[in-house]
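So this first bit is one chain, no partners, the form predicted alone, shown in structure tokens.
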């Protein structure tokens, strides 16, 4: 099976790279073993929320120079300050250009409301999410917080408590619809995705809007759990119009309706452009000759190899088994690439869960162009993108999505430029 580029991993980074390559006329295949981290996402994309020394970032474009100075091995440092700024802008244009609605920008982080009601800085958010510009004050005097009766993955009381601390009054309302009754019989079925399948139905719109408008008559806005819009993305807009009042979403515990919608949307866009997406397949090994990957073998295709000019490894970190940790080492399972990690296991982590955990910064070693290293040597046609990279802590820095998107666009442009020179 011959392609221009094989991408291993079908999450945010792999899909971003694949779509960009297809837009430039490449023939691409994505091999994905299953669900990506997008299924558990918050609905926001972080670029840079904090520096390694703990300082909060308000302007990522202005703060990147400090990050590069503190963490010279960071993926952003490999991009360089100028390229980082350029790609941040291109990322926003890329996402909106493929039809993903976003709010926010790289010149100023905004604050999204977390499932606990606190405020967290971020780069881009889904347009229906509750956000504000201030780190300590909300834009409403009073809100009505709604939850589905029996839904345990959303916490109105915690949210109302945090809102009160910031000067916003709240009232809490539980509601139900007949279509939700069968889910309530089993608590494990009353999850955000299953609820969304009911709330997305047009037949429930009038009843839902009636409940919301009546209970929130004297509120400035309605706060609603992010369990709507899985397939019917018009449902919330139509409800908001009928109520004639703002309705904002707050994330729930996973699974993430917004994240799953983003994954499906990007997958479908990739396929419409002509990409091949092989879900449920796992790359198990590869042949390498003279510093190049020549053939790639997957579980589902046996001895029939994938052959391509370039390969992109976007398998994610520990969560998706892009990295494997044993009692004594951390390794990359597909190509056995060089991985940066502390030799002593006690240096991998801190017993205080709120400390900066070192293992989060472990990852595959690359050169400045994100070419993988194998035995200390550069593999010229194997690139590494996203969470599997070394040198950054996505949790403490709030940089995970930014690294995934920016590295993917950079690698795609590198491949396109290189193939253009070959012709």
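Computed from a predicted structure; not experimentally measured. Positions refer to the first chain, counted from 1.
What comes next is about the form predicted together with a small molecule, which does not appear here.
Note on the partner interface in the model of the complex: the residue among 361, 57, 31, 64 having a heavy atom within 4.5 angstroms of the small molecule is 31. Annotated contact segment (heavy atom within 4.5 Å of the small molecule in the model of the complex): 34-42, selected among 65-73, 34-42, 350-358, 365-373. Though the partner is left out of this view, residue 319 does reach within 4.5 Å of the small molecule in the model of the complex, counting heavy atoms only. When contacts are judged by a 4.5 Å heavy atom cut-off, residue 130 does not count as touching the small molecule in the model of the complex. Looking at residue 12, you'd find a heavy atom of it within 4.5 angstroms of the small molecule in the model of the complex. Using a 4.5 angstroms limit between non-hydrogen atoms, residue 406 is distant from the small molecule in the model of the complex.
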